[in-house]
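Below you'll find only one chain, the form predicted alone, shown as structure tokens.
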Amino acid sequence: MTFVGRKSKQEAIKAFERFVSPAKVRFFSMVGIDFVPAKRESVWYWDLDGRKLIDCHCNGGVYNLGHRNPEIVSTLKKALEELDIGNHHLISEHRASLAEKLASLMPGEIERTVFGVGGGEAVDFAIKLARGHTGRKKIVYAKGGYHGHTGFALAAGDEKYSKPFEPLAPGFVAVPFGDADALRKVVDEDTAAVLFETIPATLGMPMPPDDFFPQVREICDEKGALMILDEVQTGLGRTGKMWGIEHYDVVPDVIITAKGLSGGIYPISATCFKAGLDDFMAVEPFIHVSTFGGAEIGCVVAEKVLEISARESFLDNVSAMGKRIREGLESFAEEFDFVREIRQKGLFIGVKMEEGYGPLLSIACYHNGILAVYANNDPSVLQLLPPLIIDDGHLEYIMQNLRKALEFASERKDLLEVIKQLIG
């Protein structure tokens, strides 16, 4: 049975518009991006009409290992011969094995895991963990950050996602990312946790000062608050290290991972933390459950993801490709006057430009064979998140076509005002 191409492209768009989201169809129609994914393989996406794109969006890191990675697909097929999702109430060999593997790859004494399905759910549990352990209420987070669309996670994000759903969970306080002085002023004896993305993707990938996270650790220790790092996008090798926080020589109390842990094949997330932080669950071990969190076939997939991502050759490739991309991007910054800054760790890359150029360059990339998207909370930044398996040939393709996209953006400044109106 064939699953791709059962509808024509126009039939698929019309059905999506009627039964899923007319607003999304309207938006993509206005910006001239009518892409409907069909075939997908390795670093490539094909549209239903045959257009081929290199995936430099990766759904925020879901496709770190590329689309339909053969090792991941093979693992899932074999798992389906023996397993199903399991029963979340019971002891599980497969959740135990995956948690043990995660513990072996975590910094410091982080060794315990609670599983979920997506990043928002994992963040929600991290906040529950902090409040349950400390008995405190306040959660401090980064202004303009993003942690998901679920309950507690929504309260720790930008108001553009949460305003229509007020009143939100109380006790959340925002500070500017990277500002340790501002953080020190708000963290007090009622603070349960400080929650940051290691590098906030949706905020445009601003790089923290080198001494920021050491100061965050110090502030949390002084006040008895937990330090929680959201590594949903910066983890699993994306920055050239297994976890982005390893660049800053700091060990948090909690690390959250999701997206790429799925291998792009089976949804799973993990909240990993130091032993003892779940002491409040000793009284009621079923106080937090997730029916599909840590599904046993998903655990087997995630173990394979971790095996691949921890390989020295894999991380070396991320660093090498990242270095070469940076050299190219720096030359582009010299050539195109609207490019302001290159923000980068490994293959976690943001191109900071003048206002309005993020959406314009996203459109230009699409028409030059690259799927890349601007940062929603800072539209002056184009996010570049290629699969971590890219090689020299892929890199050459990206740089050649990115240059064409930059040339288009440079020549079509007349579109900036139209785009600003479209994105509000």
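Counting begins at 1, following the sequence as shown. Since the structure is predicted, the reported quantities are computational estimates derived from the model, not experimental observations.
Unshown form predicted in complex with a small molecule; subsequent notes refer to it.
Interface residue remark: residue 238 is not counted as part of the site for the small molecule in the predicted bound form, having no heavy atom within 4.5 Å. Put simply, residue 149 is close to the small molecule in the predicted bound form: some heavy atom of it is within 4.5 Å. The small molecule in the predicted bound form comes within 4.5 Å of a heavy atom belonging to residue 119. Looking at residue 261, you'd find every heavy atom of it more than 4.5 angstroms from the small molecule in the predicted bound form. Residues placing heavy atoms within 4.5 Å of the small molecule in the predicted bound form fall in a single listed stretch, namely 119-127, out of 119-127, 239-247, 329-337, 95-103. Residue-level contacts in the predicted bound form: of 351, 156, 232, 302, one residue has a heavy atom within 4.5 Å of the small molecule, and it is 232.
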